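The chain below stands alone and is given in structure tokens; this is the form predicted on its own.
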């Protein structure tokens, strides 16, 4: 996957899957537009990329605010006339149980995880139209097809909404040659996940995964770059599960399944 001469815009670029995607794309020659709400983290990311001799533009934004997104895209347009790949990775997790989820928590999680992806894609369309890549990858979750164990109902609902957004945008934007796909990661060991789980919980999850481990953010980044590359030029409106086989599990752990058959 060669991204030389391409511009890749990544939301949530300062941490987690977004951070891994920005690094992976840069290593393949891409110019990175790094969007994130955490200005200090963007500064650290910029310093890291500068030390490696890689071009990265910092674009502070609150994706839950469409006016902020519009301003961020206008800033990108002053730097470059086109974006080849947009990766909607920014997101937050909810904590409450169904009956304890507050209205504020519900609205905040949906505004960031779902509305934010809509705002970014909508505002970025003019730049995508004139790009060569014309690709969008939305980061959903295995929770969008099942439930979230580390997040709550707001997180599950928002990620399920990402799949609907992906399908509809893919259909409408196909006429402009813009492809829109989604990835559904299973358990990814990011800083956010570590803060939300205990070591015992992480061991339990790893035991459930047929391939025997948590995903690394780079595992997801590589799949994102595939969907955003010319290798996937006829793929749109689809979802790629990246979960180590966890979606195949229906109840007991993978090891328990094997023991029952020995």
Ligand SMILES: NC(=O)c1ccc[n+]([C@@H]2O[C@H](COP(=O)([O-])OP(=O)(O)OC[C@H]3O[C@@H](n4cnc5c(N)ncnc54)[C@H](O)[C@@H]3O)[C@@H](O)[C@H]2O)c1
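Residue numbers count along the first chain shown, from 1. All figures in this text were calculated on a predicted structure; none of them were measured in a lab.
What comes next is about the form predicted in complex with this ligand, which is not displayed.
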Can you work out whether residue 193 and this ligand are in contact in the predicted complex, taking contact to mean some heavy atom pair no more than 4.5 Å apart?
yes
Just checking whether residue 23 would be counted as a contact of this ligand in the predicted complex - the rule being heavy atoms within 4.5 angstroms.
no
Within 4.5 Å, heavy atoms only: does residue 134 come near this ligand in the predicted complex?
no
Just to confirm, residue 179 within 4.5 Å of this ligand in the predicted complex by heavy atoms?
no
Exactly one stretch in 167-175, 121-129, 74-82, 91-99 has heavy atoms within 4.5 Å of this ligand in the predicted complex; which is it?
91-99
Which residue, 216, 201, 38, 213, is the contact with this ligand in the predicted complex, using a 4.5 Å heavy atom cutoff?
38
Within 48-69, which residues come within 4.5 Å of this ligand in the predicted complex, counting heavy atoms only?
61, 62, 63, 64
